[in-house]
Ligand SMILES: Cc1cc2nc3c(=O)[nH]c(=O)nc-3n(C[C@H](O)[C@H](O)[C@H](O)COP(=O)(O)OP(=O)(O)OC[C@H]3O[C@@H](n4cnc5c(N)ncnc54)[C@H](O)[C@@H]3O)c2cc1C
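Single chain ahead, written as structure tokens, the form predicted alone.
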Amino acid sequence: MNIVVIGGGAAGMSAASKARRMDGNAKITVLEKTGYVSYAECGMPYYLSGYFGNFRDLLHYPVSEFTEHRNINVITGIAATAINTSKKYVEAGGNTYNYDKLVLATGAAPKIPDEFKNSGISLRNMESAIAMKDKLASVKSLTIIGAGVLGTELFSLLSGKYKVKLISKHEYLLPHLDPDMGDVLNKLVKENNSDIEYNSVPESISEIDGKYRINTTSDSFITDYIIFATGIKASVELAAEAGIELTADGLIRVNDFLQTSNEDIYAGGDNVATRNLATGGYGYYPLAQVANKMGRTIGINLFGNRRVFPGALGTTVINVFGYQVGYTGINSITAKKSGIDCEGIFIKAKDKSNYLHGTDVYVKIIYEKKSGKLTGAQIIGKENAAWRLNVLAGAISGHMTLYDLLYSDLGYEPEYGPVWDPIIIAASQGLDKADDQV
């Protein structure tokens, strides 16, 4: 079999590697437009903030691992420009690459307003990380525009080394959080760096003597450097031009086997619509763990559809000034838009037994009002918050209810949590509330 993979990120390299394990004789070619494949994009903020100095530490594997040991033909610095679905070949760099099966792992690109594209940089791949690191060596102040996952984490990690200002178009950071959790995060962040503009966007940016004047909705100031963290847009142009079906949101539509509308073309990663495990509908989850699992699933199904990709919850956790902040499933706003009658329980508790002087942890769980089925969760805490979020993600994936969560037999050790763990307390309070409404 002749397999061509477009894109050498998480989904593409996982697909290629699994395909090789499935068939030692298949011809596998990966076309990657940048100079790097198989790297830790989520580690880039730590590289920029000085946790380690060599960008090569971000590489999961060198290209030689794939070319010399896995017999995968990886070609970097080459962009695919067209797909001929009738004759089954890909055009790239003036050459054509024939395929029996094609994998689209084209990822996504930064979404910067057109008028500001020459005024700053976005962090999206290894080359942008290297360029950003070089630039940061000569600046003292910088402005981050966008307070989603990337912008908030960069703001946190870089504030210790630079004078950093953050611009958020929302009234709190991480807009997926519900307002009660968003208020908590705002207060905690303010204790570390209060230079944040909420409900604000840049209106104009001009360059002056190597620096930038930014006029926003509420202020005007000069900064040495600008980082845009204003979201991403799925890279689906090749797919669209090849006649592959897209969703109304501009994502590649795939079936349960991650097969596109063309039976010989599969797609996965940051360019596809993904089933939401909480609602059954479809959403967009451009996350490393999702892309890797999609790639592996595709690598299997290239040889005959045998494994279903069930979907995702969009489980996300980041470091914000030492706090583990995360969410999974849907929030209250999404529940309302989806027509799901949900309730939410918000609690503040301790992350370990009192005699060990635990710190505060904030937990919110969202559940269907009638059935008690868990649909979402959010968490903020200094210790063990991430594993609690993962427990909740597992509970939602397993279609558990408040009752199921309350009686989950979680391990207990005073240093890691009180005997009544915060997530168990939240489940108990939610169940009590549901019983009162009966």
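Everything quoted here is computed from the prediction, not taken from an experiment. Counting begins at 1, following the sequence as shown.
The same protein also has a form predicted together with this ligand, omitted here; what follows describes it.
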item: Listed residue that, although this ligand is not shown, lies within 4.5 Å of it in the predicted complex (heavy atoms), from Gly329, Gly120, Pro202, Gly107; value: Gly107
item: Heavy atom within 4.5 Å of this ligand in the predicted complex - residue from Ile396, Ile380, Leu389, Leu31; value: Leu31
item: 4.5 Å heavy atom contact, Val139 to this ligand in the predicted complex; value: no
item: This ligand contact in the predicted complex: Ile366, any heavy atom under 4.5 Å; value: no
item: Exercise: Cys42 in contact with this ligand in the predicted complex, heavy atom 4.5 Å; value: yes
item: Contact flag, Ile78 vs this ligand in the predicted complex, heavy atom cut 4.5 Å; value: yes
item: Among 181-189, 283-291, 161-169, 218-226, the region lying within 4.5 Å of this ligand in the predicted complex by heavy atom distance; value: 283-291
item: Sequence-ordered residues of 1-15 touching this ligand in the predicted complex, heavy atom within 4.5 Å; value: Ile6, Gly7, Gly8, Gly9, Ala10, Ala11, Gly12
